[in-house]
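In the form predicted alone, a lone chain appears below as structure tokens.
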């Protein structure tokens, strides 16, 4: 390296900052609307979470302070010492698992039939499972509750299970149907040609290929069932109280905000983990394929 090259001074700091400022201004001009929308979306989504997290650990929070004056964990112990929460939380988990299992037993064979059998009205029947999502659910629940009242199912566990099964049909039918349709039939036919039984082909070839989609459908169904409140409220009360139903009273009828915030935070964390797992399982595009059947 020559002496002239060594003598060249480094670029001035002012030039670096002016170039950075010009780049930032260019980005704002090109993507200004997208950045504004992103900031607003973050405020809408993260704003309530910010409040919930702070209230969950707040001992004292008075206006106009933006953060609690005193943090602590005393309300956590008081929250889980409540008899209604200690009873409703494990009951809701067991109930959601039970509904998911029953839904899988009913819907997975139907999904396989939709994927492999061609019959008249197949497409119309598949679209009928959108009915619970195409109309206001509360009105549908009221109509079902009238029938359940005549069958003496109001305020009973079977009634709550039946009303929650209605919400599982879309996920547990459409996603597995798309997964079964995506299986390469030539692999199954090759296994049959070498003497494998249909049951062995299904267990060792078909099932492993669709397992990611089935797992995602099960996880999404469990989360959806766990947070279902309107059906359980209309059909289950007064004897059957799930955690989402109890949240109504914790949020709307309690003077202690921390109760609702702590339970919301505790319930939010497992659902986030399950949804992340479902997203990882759905990298193959089974969800988008399922809703394009």
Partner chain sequence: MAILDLVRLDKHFGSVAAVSDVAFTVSDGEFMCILGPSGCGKSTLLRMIAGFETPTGGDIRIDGDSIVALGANRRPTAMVFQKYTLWPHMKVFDNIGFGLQLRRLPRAEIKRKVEESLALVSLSGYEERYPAQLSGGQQQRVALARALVLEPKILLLDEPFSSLDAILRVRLREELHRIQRRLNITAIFVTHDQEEALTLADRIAVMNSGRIEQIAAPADIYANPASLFVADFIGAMNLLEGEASGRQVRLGAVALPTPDGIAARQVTVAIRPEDLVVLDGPHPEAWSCAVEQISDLGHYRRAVLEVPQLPPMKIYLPKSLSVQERAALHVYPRRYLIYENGGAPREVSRPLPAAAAALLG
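Numbering follows the first chain given and starts at 1. What you see is a predicted model; the values in this text were computed from it and never measured.
Unshown form predicted together with its partner chain; subsequent notes refer to it.
Using a 4.5 angstroms threshold between heavy atoms, residue 191 counts as touching its partner chain in the model of the complex. Mapping the unseen interface onto this chain, residue 209 counts among the residues with a heavy atom inside 4.5 Å of its partner chain in the model of the complex. Contact check for residue 184: a non-hydrogen atom falls within 4.5 Å of its partner chain in the model of the complex. Although the partner is absent here, residue 204 lies within 4.5 Å of its partner chain in the model of the complex, judged by heavy atoms.
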